[in-house]
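We've got the same protein chain twice here, in two forms, each standing alone as structure tokens: structure 1 and structure 2.
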Structure 1
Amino acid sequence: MTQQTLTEWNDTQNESGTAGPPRCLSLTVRGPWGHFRRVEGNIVKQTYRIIPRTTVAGLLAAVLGIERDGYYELFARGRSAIAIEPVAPLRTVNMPVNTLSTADESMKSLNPRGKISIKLPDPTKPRQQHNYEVLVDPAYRLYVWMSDSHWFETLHETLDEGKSHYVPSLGLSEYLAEITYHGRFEVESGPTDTAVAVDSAVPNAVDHVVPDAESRCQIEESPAFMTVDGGGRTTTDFTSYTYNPDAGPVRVRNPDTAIVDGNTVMFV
């Protein structure tokens, strides 16, 4: 896979037609902890600050009860649009975690002679300590559109009833997420001809960001789209996000924005 330039990223987004979906659902996910492991290998397991688009897709698939590797086309480019707005300051701590191996030789069977037998890591085996960089009190408002009307309506009904097929989490299964559903909103075109304060993270437009001495601005690139392959799944595209770690707006020159529930956001 080759890495695209920022210009190519912008061209791709324009071609996809995902910048202005007709309507969207909006929800806020939050929790006491979150960890979205960066794809780069490292002894310290670092986290993305902005929940990756692929993680949002997985979280929504869990709400809908779609199996692993069964939702990538539903959230593919041109068939979905997602905007991500941090609504709480993004801060992290390093947390040492003792882990047990899940290799076959380190697993222990429970009820091995019964009809139902499960395997768990053997607690008598030596632990291995890893340092995790963990988000503290992360919270994101999400704006989601899918072209598949069946799943779009099902997600709306499921969220509106306060239900979820699987337990939602923020990256790791032990970091449980609380979901607040705001409802369904029409998407209006936002201003594009001036420097605009964008409330969401700004995708693929770092060269349009207007520096501001009064607010901080950071950049990170994270997985955006996936597809099924012989080994399970692989990332096909990344998104470069510019964001304010203090959960404030980012000023962007001539952006392709949308207005949802009074907030200025950018979809990808």
Structure 2
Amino acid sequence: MTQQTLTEWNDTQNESGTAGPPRCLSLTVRGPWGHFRRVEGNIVKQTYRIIPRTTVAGLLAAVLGIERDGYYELFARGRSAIAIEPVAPLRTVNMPVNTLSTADESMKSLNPRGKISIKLPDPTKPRQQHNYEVLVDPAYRLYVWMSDSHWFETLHETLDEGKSHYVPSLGLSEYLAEITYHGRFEVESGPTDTAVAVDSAVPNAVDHVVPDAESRCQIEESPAFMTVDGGGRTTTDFTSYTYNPDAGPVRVRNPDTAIVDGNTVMFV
């Protein structure tokens, strides 16, 4: 397989930048629980319903074994494309969790003078209970393309062998994820007729969604792209996803869709 250059990919994009890439890998991630902390709250522990694009990038980086802050360029705009399709109803429960402070001053060093030293919250301190909004049985089918053919191939091979470098999880490390790999697919351009039923979450097209009294559609905005600077990482762009919480399709007027393995999806 030859690497597609950035220019080629950019040429295939239309104005809104949501048209499909040439090919993609497809996998389903699922687990009994998931929690994707929303940026609007730190007091409250709400979760996104649709796994954020940045989390997908982190999850795949974990599969590939790329370190923290090391994968943002790989999944940058124009160098990658991801579509996310919820394949199970998006249901949540409130789960009370006892937490210990993770502020620097509350972290205790274990083996502080040794070669390997780790920090953990001081277990002698009193706990505080918070309700975490937790997704129950979340499952998403992901469609992923990267312009970097080395990593694209590596990801294909790793998934194909059913391996993962780090343990994949859904938001929090204790919510383990199970990955089913479907394989590599050609991406065909999808219908752009007046109203199309889109299977994936619909990115950045709120005003094209056809409101329908029968099926429910919801919307949320989550981080999509990140960058690293001297002090840490920041979000460079957010995506608003319109989605059907019952895991059905959403009807969209004149969308930029792609068809992968028979499913109508929208990439970002």
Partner chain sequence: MLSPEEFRRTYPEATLLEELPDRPIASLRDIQYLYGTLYTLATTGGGTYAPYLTPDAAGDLVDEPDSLIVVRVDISGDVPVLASDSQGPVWVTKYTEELIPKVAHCKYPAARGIDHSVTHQAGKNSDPDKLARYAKERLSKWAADSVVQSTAEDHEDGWIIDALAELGENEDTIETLEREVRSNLSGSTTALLTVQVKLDADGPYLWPGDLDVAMAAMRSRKLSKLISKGKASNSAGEATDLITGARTRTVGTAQDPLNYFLGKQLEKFPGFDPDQAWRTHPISEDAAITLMNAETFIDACSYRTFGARVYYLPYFFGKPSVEDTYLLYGILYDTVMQDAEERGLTPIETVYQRREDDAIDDNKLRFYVSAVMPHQMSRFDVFGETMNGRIQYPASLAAAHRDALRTAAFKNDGERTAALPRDENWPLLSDGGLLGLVASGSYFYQTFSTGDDDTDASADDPRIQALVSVLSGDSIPVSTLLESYVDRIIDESGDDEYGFPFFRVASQYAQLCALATAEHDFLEAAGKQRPISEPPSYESRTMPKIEEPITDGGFAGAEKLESFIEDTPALATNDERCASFLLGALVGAVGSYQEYKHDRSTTLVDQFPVQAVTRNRIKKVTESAIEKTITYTRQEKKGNASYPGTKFDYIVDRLRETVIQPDPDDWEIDTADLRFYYALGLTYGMNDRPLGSSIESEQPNPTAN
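Structure 1 provides the reference sequence; residues are numbered from 1 along it. Remember, predicted model here, so these are calculated numbers, not experimental data. Note that the rigid core is defined as the largest set of C-alphas that superpose within 1.5 Å between two forms.
In this pair, the copy labelled structure 1 belongs to the form predicted on its own. Put the two forms on the same core and the Cα of Thr192 is off by less than 2 Å between the two structures. Relative to the superposed core, Glu105 undergoes a Cα shift of 2 Å or more between the two structures.
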